[in-house]
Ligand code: HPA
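Heads up, the chain below is alone and in the form predicted alone; it's given as structure tokens.
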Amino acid sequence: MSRADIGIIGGTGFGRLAELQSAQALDLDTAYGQPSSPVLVGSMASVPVAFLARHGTPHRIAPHRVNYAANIAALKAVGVRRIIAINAVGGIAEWAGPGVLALPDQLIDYSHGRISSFSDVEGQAVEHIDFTDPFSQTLRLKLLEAARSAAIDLHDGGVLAVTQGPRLETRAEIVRLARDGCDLVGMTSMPEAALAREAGIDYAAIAVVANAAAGCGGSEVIGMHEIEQTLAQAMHRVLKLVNALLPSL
């Protein structure tokens, strides 16, 4: 079976990785069920990479129905020790306008009812991980260095709120999140980040701001067409960033 040290989890707007060369599609089964999509193992920038589409191929799995445990287990099975996750998010902070790329350093989990630990499966040992800093500082520094070398604007830091989805948030919910200190809001970083930590995998997220969150940015209605356009444009920069990062890992 093909193996790779680096894993990329693609979210909304990043469901394919056409740049992956000589890719082998692996249909894996895990103790936690099947992952969202086959794991594609190939090379990118001459580096072995495993790619998994978080929402399936085509995009069909809602955030609260993603089998996060199976996804992380499948990546670990092919040798992944470091994960770069791509997440489409809404912007709450003034600096988090549509199209901004951010590298969050903290998160607050508002999701519920998801299998959030490998310990949730009968017979598995209970592990109390340290989650003080949910994102790998080593990977974050590598991403910041890659962004500088490729002349890509990447905001350093930010608190990411993780909501249940798939609906977007109400204006009052965003007010609450802002009051809690959140800068960004997404739907998929948890339990993904915690499961990666349990599995002993370094994990960092590139947050792509798709839209201003409800009540922010002066817009009354969040348009899906505008979101799709913003993501399509931003993902070119994400791909450039990943290409700059890989040789350093």
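Bear in mind that the values here come from a model prediction, so they are computed numbers and not experimental data. Numbers follow the displayed sequence, beginning with 1.
The same protein also exists as the form predicted together with hypoxanthine (HPA); that form is not shown, yet it is the one meant from here on.
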Q) How about residue 89: is it within 4.5 Å of hypoxanthine (HPA) in the predicted bound form, going by heavy atoms? A) yes
Q.
At 4.5 Å between heavy atoms, is residue 53 in contact with hypoxanthine (HPA) in the predicted bound form?
A. no
**Q.** Distance check, residue 168 to hypoxanthine (HPA) in the predicted bound form, heavy atom within 4.5 Å
**A.** yes
Q: Flag residue 213 as yes or no: does it have a non-hydrogen atom within 4.5 angstroms of any non-hydrogen atom of hypoxanthine (HPA) in the predicted bound form?
A: yes
Q: Select from the listed residues 185, 193, 69, 39 the one whose heavy atoms reach within 4.5 Å of hypoxanthine (HPA) in the predicted bound form.
A: 185
Q. Of the listed stretches (147-155, 112-120, 94-102, 168-176), which one has a non-hydrogen atom within 4.5 Å of hypoxanthine (HPA) in the predicted bound form?
A. 168-176
